[in-house]
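You are given structure tokens for the same protein chain in two forms, set apart as structure 1 and structure 2.
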Structure 1
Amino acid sequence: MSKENTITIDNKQFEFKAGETILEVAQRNNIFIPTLCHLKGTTPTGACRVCVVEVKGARDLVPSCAAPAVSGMFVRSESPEVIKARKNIIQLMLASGNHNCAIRKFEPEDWTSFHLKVLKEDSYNELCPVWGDCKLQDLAYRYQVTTKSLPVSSSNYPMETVNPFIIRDFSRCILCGRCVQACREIQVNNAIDFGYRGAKAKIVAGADTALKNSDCVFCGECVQVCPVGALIPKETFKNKKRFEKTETVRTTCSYCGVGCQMDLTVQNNKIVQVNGAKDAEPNHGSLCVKGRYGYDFVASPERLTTPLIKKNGKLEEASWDEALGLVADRFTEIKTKHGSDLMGVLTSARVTNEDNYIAQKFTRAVLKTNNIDHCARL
């Protein structure tokens, strides 16, 4: 009954393309399989094993991210055995470091009160900075994992804060290796890798140095793919209003000509974080240091806020009416006195198409000259 290139997942038959993994077939058909280490577009490592599924005839559970679909395969995505295994994996991860969001150390009543307390006083420093935005936390809740019976392990390594953009909190790292995959296979900056062994295992930059002394170029790809709170933007870490409402706006980066699509996180009329738009061309979630962290200028106190007119050699604040009136009068005067071709406009490679169109229309239709250019050559 089973056709070529079909597998059965949870009693439903699905076609697959040659080379597709079980996970890919499942995701394409909206079947939930949890993942932590899996990073689209990179070589599967099978490191975390949270994506295990039951495959009929297989001796052990199979990591679905690394196992190719095979014709006639019979897969159970969430059998009792699978759930048991996942609970185990999640529990060990929660126990491996500082993951206080789950049920660790608290009776269920207690962790509710813990979070209520935190919400009331959001500078409470016990709280993980990615609380509510953490894949491990989501999975712990989904699988109702408690860790109070396990011993707490403290981190071998202190937090790294000595660069302007990224906090590395090793106490929250689950060694899933997504950051390494992102750095080596997506951005190909080869700045970080796994270092040391066993209980001492750590993600290291170069020969275990600070990021800023390594080949790191602060593209932040690792931060964006970190499923937990081990890599976080410094600004997010400092933001004490993280439970206040935010909005996300998709736009185009304003630096180079690549046109990366980015999601601006806005809070109280201020950009507080920038993420690469994962599902969008041309950048598929990638950004560079300028696009991701270079947004301070938007809310800079040095922004111009009012028109200025030069009086006695000094620029002084003026009203729009006064400034626009002066510009229109002087342009008209020069046009009459010297002619259109002694006037010019420099439009901009920084402003929108609409702004540019209006600038050239103004030059040609109002000033009546073709003296318009911009810094395309500079």
Structure 2
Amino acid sequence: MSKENTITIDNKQFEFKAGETILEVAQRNNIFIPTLCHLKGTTPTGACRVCVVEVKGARDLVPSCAAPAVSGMFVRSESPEVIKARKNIIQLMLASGNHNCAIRKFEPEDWTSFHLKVLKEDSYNELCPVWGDCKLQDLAYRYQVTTKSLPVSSSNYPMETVNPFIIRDFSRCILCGRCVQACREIQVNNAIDFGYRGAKAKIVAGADTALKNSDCVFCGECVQVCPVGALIPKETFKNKKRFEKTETVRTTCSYCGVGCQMDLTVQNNKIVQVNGAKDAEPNHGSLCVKGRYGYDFVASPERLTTPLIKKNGKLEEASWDEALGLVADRFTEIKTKHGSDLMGVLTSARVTNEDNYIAQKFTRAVLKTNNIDHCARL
């Protein structure tokens, strides 16, 4: 192995490419280094400091997400000093705000008081809505962190619930900046940024207004990258049951012909959340507001589930064979009596390319007409 582009992590040598960070080399070689602020594809900030490692010769611990790999570098990812620093960082984050997960320990009377306060502020009758799906909680369990010795800190800002799709819970925000990076560097919307300083710091939209009054387009990219319960889809907050089984279903978004891949979280045969599929083209995890939040129609009670045929002036339920047979007979009758060009087909930009392809083949090959178009409002 050439020593020109090699780095030693935990007494093992690894090759690296120019420009790679310590974290990237470690992740590529299945070495665990925790992260909270790091977001792939964006400029590293080193804001959370939970990814610190020990580098031989360095005076202080180094944030691995922002430190470039250097030839001959010796790194320790789990030294006693590193573990101590990570535990302190996680402890401070867990203590700052309404992180009412089970790992946060109090005396019994203090826990009851704290939990009741959080429930009142959340308007939510259970533990944190992302309990079991929170990176901060995962790290707290991994490093056995509690906050028993730290005082409770209150949030400076109330929960924002006026937005149509997203709940902003400032009491659980750890100011990691992932949402800002996602908005500015991935979606390039520039709707949110850091505001104020010190203990008053928060993520602000526009001139510190509600998301619905800002430049936000509600793509939900910020929600998907949030590692804690600071950003929550409003529908998931209301509908997802904590301890009931869920399954993930990979599918293609049908709102347009781009073909974005997304993962549906399904519970009791009902969609409760949609996330972009990070490992799939063409969207690489990103979705628009329609793809991410426009799924309530799937379980709408107003949807037709059985074909209807008008008989004696009234719509009556029919079998699929009966309905399709009637449509085929009417098409044949119109084509025979009046010619194919009297008919036309309207399709939609909201269906997949494959569906539109089949529609035009049916129009031209079966109906024998070129009268096919789409209506954007379908």
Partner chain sequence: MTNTIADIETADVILVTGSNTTENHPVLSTFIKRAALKGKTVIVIDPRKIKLTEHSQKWLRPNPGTDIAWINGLMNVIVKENLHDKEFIKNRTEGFEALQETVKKYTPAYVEEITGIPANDIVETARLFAKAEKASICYCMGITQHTCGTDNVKSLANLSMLCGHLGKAGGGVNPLRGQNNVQGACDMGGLPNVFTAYQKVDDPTAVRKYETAWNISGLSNKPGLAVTEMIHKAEKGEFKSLYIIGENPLVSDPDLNHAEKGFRNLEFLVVQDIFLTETAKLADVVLPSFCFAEKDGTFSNTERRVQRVRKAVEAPGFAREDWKITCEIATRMGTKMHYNSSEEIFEEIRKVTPSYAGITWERIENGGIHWPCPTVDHPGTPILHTTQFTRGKGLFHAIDHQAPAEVTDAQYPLILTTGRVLYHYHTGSMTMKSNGLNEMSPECFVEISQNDAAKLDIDDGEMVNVFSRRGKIKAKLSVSSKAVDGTVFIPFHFAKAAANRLTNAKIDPVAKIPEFKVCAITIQKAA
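Here, a residue number simply tells you its place in the sequence of structure 1, counted from 1. Because the structure is predicted, anything quoted here is derived from the model rather than measured. Each form is matched to the other, and the largest set of C-alpha atoms that superpose within 1.5 Å is called the rigid core.
- Two forms of the same chain are shown on their own. Structure 2 is the form predicted on its own.
- With both rigid parts superposed separately on C-alpha atoms, the smaller turns by 18° against the larger between structure 1 and structure 2.
- For residue 317, the Cα deviation between structure 1 and structure 2 after core superposition amounts to 2.4 Å.
- For residue 369, the Cα shift between structure 1 and structure 2 is 8.3 Å when the rigid core is held fixed in the overlay.
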